[in-house]
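Below, in structure tokens: the form predicted alone, a single chain.
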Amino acid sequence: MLQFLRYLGQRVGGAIATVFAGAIAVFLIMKAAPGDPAMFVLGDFATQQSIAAFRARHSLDQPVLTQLWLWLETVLAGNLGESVSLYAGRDIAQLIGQRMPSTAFLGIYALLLALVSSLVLGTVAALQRGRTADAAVTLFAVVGISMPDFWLGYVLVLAFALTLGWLPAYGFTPPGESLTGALVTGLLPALAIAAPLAAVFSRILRVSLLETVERDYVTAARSMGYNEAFIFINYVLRNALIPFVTIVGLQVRYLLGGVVVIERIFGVPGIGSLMVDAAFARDYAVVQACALTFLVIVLTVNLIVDLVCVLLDPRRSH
């Protein structure tokens, strides 16, 4: 237990340090980007006096390091600040809180679709090694990995919305308004994100299962007279899930990147679309807050994945 707590403390400490470093990196990248929020708000015909007053009001006339320190002080105090240009004066934490349910729903929806399909496809491919089913799953994995999610999104719209008319092409019903509506309107964007993920997951699971089947402890279990179903569940699948779960955690970064693009394509009012709109408006504080939110989500999921892997194999905490 002590080793597990020490391992947990190391992982949490590393995550906090990564968040701090990531926050600084995001801030500096945004400051290096061209554009001026004052020009976005005041327009091209604004006077120099009004521009200077705007920049002074929002501390944009301060040195970059001073602005960084002021922003970090605000974030550490639990306040993400206010929108400067996109939603002038609006509290950023409130904006993210309003959009978080849509993004969380879409991300979880896509992840569940990817996990369920990959567990089925990867297991079938491993059990049917060298047969037609295995070849079909391998083909799906290769094609799925090669498809950009934004391209797949347009293909799904063309096929299921414009041609067949089964699903809406644009718009999203937040889960707070209607869970059924969210499941229907979120299906196409979730599929666009889930398909490449499922391709990666199924391929990794297939390889992991085939490698685990050849382990000595599986041969020993067979020699003890256990039936194949018991051996597969308790010896093969459980150990094969360790690299599978690890890959799932690593792919969360891709999942969030897909969410940013797909939200724009399908009109989902989530954090990703907020981040893109804020970037066009040069609303630095909003972009920084959204990026920081995504970073915290990725690190939290990776921490959870590490803990799940430790539960599957306690030796990893040593």
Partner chain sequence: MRWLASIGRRIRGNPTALAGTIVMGVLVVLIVVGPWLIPYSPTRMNYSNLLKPPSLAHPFGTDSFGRDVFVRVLYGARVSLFCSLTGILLAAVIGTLMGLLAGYFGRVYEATLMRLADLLFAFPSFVLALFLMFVFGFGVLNVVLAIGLVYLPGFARLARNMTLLVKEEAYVQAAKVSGQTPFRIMTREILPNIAPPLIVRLSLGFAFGVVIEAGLSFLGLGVQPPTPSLGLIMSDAKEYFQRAPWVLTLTGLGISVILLGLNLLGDGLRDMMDPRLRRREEA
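Numbering follows the first chain given and starts at 1. For clarity, a rigid core is taken as the largest C-alpha set superposing within 1.5 Å between two forms. Keep in mind that this is a model prediction, so the values were computed, not measured.
The discussion below concerns the form predicted in complex with the partner chain, not included here.
Only one listed stretch (171-179, 184-192, 205-213, 105-113) carries heavy atoms within 4.5 Å of the partner chain in the predicted bound form, and that stretch is 205-213. The partner chain in the predicted bound form is approached by Met147, whose closest heavy atom lies within 4.5 angstroms of it.
Residue contact with the partner chain in the predicted bound form: Tyr284 places a heavy atom within 4.5 Å of it.
When contacts are judged by a 4.5 Å heavy atom cut-off, Ala38 does not count as touching the partner chain in the predicted bound form. When contacts are judged by a 4.5 Å heavy atom cut-off, Phe280 counts as touching the partner chain in the predicted bound form. For the residues Leu70, Val64, Ile29, Ala52, the 4.5 Å heavy atom test against the partner chain in the predicted bound form is passed only by Ile29. Every member of the trio Val142, Tyr154 and Met275 reaches the partner chain in the predicted bound form with some non-hydrogen atom inside 4.5 Å.
Residues from 14-29 that approach the partner chain in the predicted bound form with a non-hydrogen atom closer than or equal to 4.5 Å are Thr18, Ala21, Gly22, Ala25, Val26, Ile29, in the order they occur in the chain.
Once the cores line up, the CA of Val276 ends up less than 2 angstroms apart between the shown form and the other one.
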